[in-house]
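Here's a solo chain for you in structure tokens, the form predicted alone.
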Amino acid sequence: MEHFKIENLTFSYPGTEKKALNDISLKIERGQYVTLCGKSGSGKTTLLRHFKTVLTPHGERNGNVYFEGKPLSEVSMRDQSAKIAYVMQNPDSQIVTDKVWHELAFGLESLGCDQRTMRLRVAEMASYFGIQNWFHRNVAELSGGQKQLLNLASIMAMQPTVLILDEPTSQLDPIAAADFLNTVRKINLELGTTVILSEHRLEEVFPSADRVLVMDGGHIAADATPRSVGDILKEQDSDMFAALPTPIQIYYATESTFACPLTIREGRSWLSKELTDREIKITSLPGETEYEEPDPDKTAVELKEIWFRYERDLPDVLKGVDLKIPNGSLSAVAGGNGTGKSTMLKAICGVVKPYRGKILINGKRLDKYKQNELFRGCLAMLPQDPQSLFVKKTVKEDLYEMLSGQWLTKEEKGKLVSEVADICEVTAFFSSHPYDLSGGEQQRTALAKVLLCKPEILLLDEPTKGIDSFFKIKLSRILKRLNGKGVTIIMVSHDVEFCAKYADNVSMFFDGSVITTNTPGRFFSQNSFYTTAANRMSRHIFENAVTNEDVIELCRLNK
């Protein structure tokens, strides 16, 4: 018997005629691993939220959802809580207690489990997920990856039969994301738990899936095995083809006659076969010059020996950070969860105050700036959580709110809002509540709001979080256009593919400080794990290929 069955499901949010879901029908069998992908706003999150009554969004709905052969509306809340587990995009949205062990026990307490059963299940989950070493810590002290793992462990303690995950790795670094997804795969294989997972980063999840659903405009554009999806999307000439894993994209670009690879390992093997009968004369593309620190008069932001801790008795988060950001550059800062990257951005915009060191903005000390001088046309920050910027009931009102207090006419304000909305592609949901938007749409709306400040220096904390590959290309154009106007951009990101392709320089943050800065080609080609899929797939043949385009070009040159 199927776990879920959906019949002709149609849904639209209040105040909008656009259908978020359009006549969707599908069945999900027990024990399947189903990957859901699609552009931001294609309906992925809306569909997932229909799998659990308490999360179902408010709006106009037609169609039926069945769970284990019974209408979902007739399944008791207790049974839904015990059997249907849901991991949200933002780990902080799901944590409700102060201690790690409290969080592990919370769901079991809510179900009325006896103390003996509770202790056994909590101990088992803590051991299975490797949580023992931070079992008694405060939740606030955990990194994003640890919080997401804790969310997964606490709901698995209730022994659910279905695990639903909505872009669970969007805030995790590449290594933490791979570990998390390996754990999800292990749960599917060893416990037989049905997994339904929505994700933009498909490198890790694609090979594990039994089935891939591609959503487009509220309907299912493709429903097939991972190996077949490439053919379908290529035939449809779909934008979603650009989101497929690196081995698949490179395979189709080279017009190979061998079988399509899915994993990095298969990609390496395929590349070796593809080039077997060829003499490899060109193993690298023209190299980038070594990164040189900018001169003081060409530096937009400079951090000198910055030290910071959140409380007197807690360890330092920033430990002697030294960093120079060139004028008009797109500078990326990479590194693991919890290393201090976001704290560094907060220090640059004065949200937290270091107890030692200097921060210079355009050559002037940060503490010499007045508040209105710093944030009016000088510096702006897009935080990791875009919802923290939303204060109005519609997107349009939220954008206009950013211009309140400025001496502009109604026409001037309208022109500014219209220009920024067009750039970030948010005009279509002007009448929507910001909280009704998908994660990627919220990110774009928040970016539009920040751009209305017309900053000279733009700080971005995980700007590609929740954004599909198609809009990432547009985001890169927006950022490069801003660079062209002299805007300096500092971007903290876990998205190594985006950093490799579009950043001017990349810095590695580790244990509270910057350990190296280099050009993307040199930075990523020297790493073993913290690098791109294209580099891992081709490094046994090519020397400095870090993007899909690099590998495709080198294959072409060696034909």
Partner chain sequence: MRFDSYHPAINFIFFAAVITAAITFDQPMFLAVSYICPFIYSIALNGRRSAIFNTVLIPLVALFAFYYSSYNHFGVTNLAVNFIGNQITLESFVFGFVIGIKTASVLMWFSCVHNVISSDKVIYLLGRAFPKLSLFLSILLRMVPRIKAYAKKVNTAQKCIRKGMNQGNIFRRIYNFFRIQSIVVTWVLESFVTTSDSMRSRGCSLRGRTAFSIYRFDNRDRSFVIVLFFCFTVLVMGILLDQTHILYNPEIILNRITPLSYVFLATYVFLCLLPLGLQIAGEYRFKRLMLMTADFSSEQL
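Not measured: the values here are computed from a predicted model. Positions refer to the first chain, counted from 1.
Here the subject shifts to the form predicted together with its partner chain, a form of this protein not shown in this document.
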Of the listed stretches (321-329, 192-200, 256-264, 73-81), which one has a non-hydrogen atom within 4.5 Å of its partner chain in the model of the complex? 73-81
Which listed residue (412, 109, 239, 223) meets the criterion of a heavy atom within 4.5 Å of its partner chain in the model of the complex? 109
Which residue among 139, 366, 482, 416 has a heavy atom within 4.5 angstroms of its partner chain in the model of the complex? 139
Taking 4.5 angstroms as the cut-off for heavy atoms, does residue 286 touch its partner chain in the model of the complex? no
4.5 angstroms heavy atom contact with its partner chain in the model of the complex for residue 119: yes
Just checking whether residue 515 would be counted as a contact of its partner chain in the model of the complex - the rule being heavy atoms within 4.5 angstroms. no
Residue 97 within 4.5 Å of its partner chain in the model of the complex, heavy atoms: yes
Whether 4, 176 and 219 all lie within 4.5 angstroms of its partner chain in the model of the complex by heavy atom: no
Out of 41-62, which residues reach within 4.5 Å of its partner chain in the model of the complex, heavy atoms considered? 49, 52, 54, 55
